[in-house]
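Just one chain follows, in the form predicted on its own, and it is written as structure tokens.
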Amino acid sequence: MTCNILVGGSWGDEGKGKCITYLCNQDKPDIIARAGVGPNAGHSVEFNGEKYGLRMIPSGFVHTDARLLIGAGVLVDPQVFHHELDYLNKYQVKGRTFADFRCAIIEEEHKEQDKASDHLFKKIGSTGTGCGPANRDRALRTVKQAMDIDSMEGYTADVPLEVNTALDEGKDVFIEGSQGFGLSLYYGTYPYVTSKDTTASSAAADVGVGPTRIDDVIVVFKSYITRVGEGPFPSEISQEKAEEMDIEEYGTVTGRRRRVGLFDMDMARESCMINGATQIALTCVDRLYDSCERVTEYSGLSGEIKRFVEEIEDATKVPVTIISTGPDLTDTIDLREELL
């Protein structure tokens, strides 16, 4: 039995979708549960030559034997939820994808309020998906829950009961977070943050799992940092420099051009500390170092990349166990066995 959590280490966009898909495809957990805020976060998945952008359904959907669950702490937009059920129909997600009956529901009025707010939409840089207003109404105890909505009938479950029963029976559970550490309402760059905490502790709470049941916390870092929206960014570089380095990016949900910066060791250190990281997944090394593209063995990496990995491990005191060298699942160096 294992219960592992994966979360983002910076401001989102770290490559969590690729890592989640790889780990779930390799390890075959019985349950894959999504934690986090809601549909304001997009996970990009590339599998068998096809690309998918997801905002609600767990990124581990490619493991077709897994039950896909959305924890009670996650906001659900029924329109997005049902769109993704249809979108991923070839993976037979219907019949195995369920949201906790206590999930708060995003309604049209929440999206309208989000986009109409100068503070949220213009100053903070909200995605306009209604998450902030919906979480406000949740705190005020006026929001509707999944069990109150006709369109969610037949698509709800008692997620904590399922997850804890699975663990009691010796089964494996994988919890995937969304957003990133720097967007945490508590520990991020307030007020330029999302509407709740995004750390591993909250991910466990989102799906109803106690801290004593967690085995590993995997924190994902990209080899450089990106950020969508406003807020402090100490290691930011100019867009011209990003283009020169060929590391410009655009947001999965918003389509907005991401701000780009160099890897921030101080942020990585704090992120690992507060998340209680036991492992690090490092993505997009191929974007910084062309020589390592699609390399699948650590011995095949250049000395420059190995030194970069060692610097991260020295700064955080956490081992780098997954290194992504390209967008496909096969473009991965897996060092987890070395921990055993």
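Residues carry their position along the shown sequence, with the first being 1. Since the structure is predicted, the reported quantities are computational estimates derived from the model, not experimental observations.
The next section is about a form of this same protein that is not shown, the form predicted in complex with a small molecule.
Though the small molecule is not shown, can you say which of His119, Arg256, Lys90, Lys94 has a heavy atom within 4.5 Å of it in the predicted complex? Flagged contact: Arg256.
Which residue, Gly188, Gly261, Gly229, Gly208, is the contact with the small molecule in the predicted complex, using a 4.5 Å heavy atom cutoff? Here the answer is residue option Gly229.
Taking the small molecule as it sits in the predicted complex, is Leu69 near enough to touch it, meaning that at least one heavy atom pair lies within 4.5 angstroms? Leu69 lies outside the contact set for the small molecule.
Check whether Ile32 has any heavy atom within 4.5 Å of a heavy atom of the small molecule in the predicted complex, and answer yes or no. Taking the distances in the predicted complex, the answer for Ile32 is no, it never comes within 4.5 Å of the small molecule.
Can you tell me if Gly128 lies within 4.5 angstroms of the small molecule in the predicted complex, counting non-hydrogen atoms only? The answer is yes: Gly128 has a heavy atom within 4.5 Å of the small molecule.
Can you work out whether Val74 and the small molecule are in contact in the predicted complex, taking contact to mean some heavy atom pair no more than 4.5 Å apart? Close contact is absent here: in the predicted complex, Val74 is far from the small molecule, nothing within 4.5 Å, heavy atoms only.
Report the stretch among 105-113, 178-186, 264-272, 150-158 that approaches the small molecule in the predicted complex to within 4.5 Å, counting heavy atoms only. Careful reading of the contacts points to 178-186.
Assess the spot marked by Tyr22, Gln279 and Ile322: is the small molecule within 4.5 Å of a heavy atom from every one of these residues in the predicted complex? No, none of Tyr22, Gln279 and Ile322 comes within 4.5 Å of the small molecule in the predicted complex.
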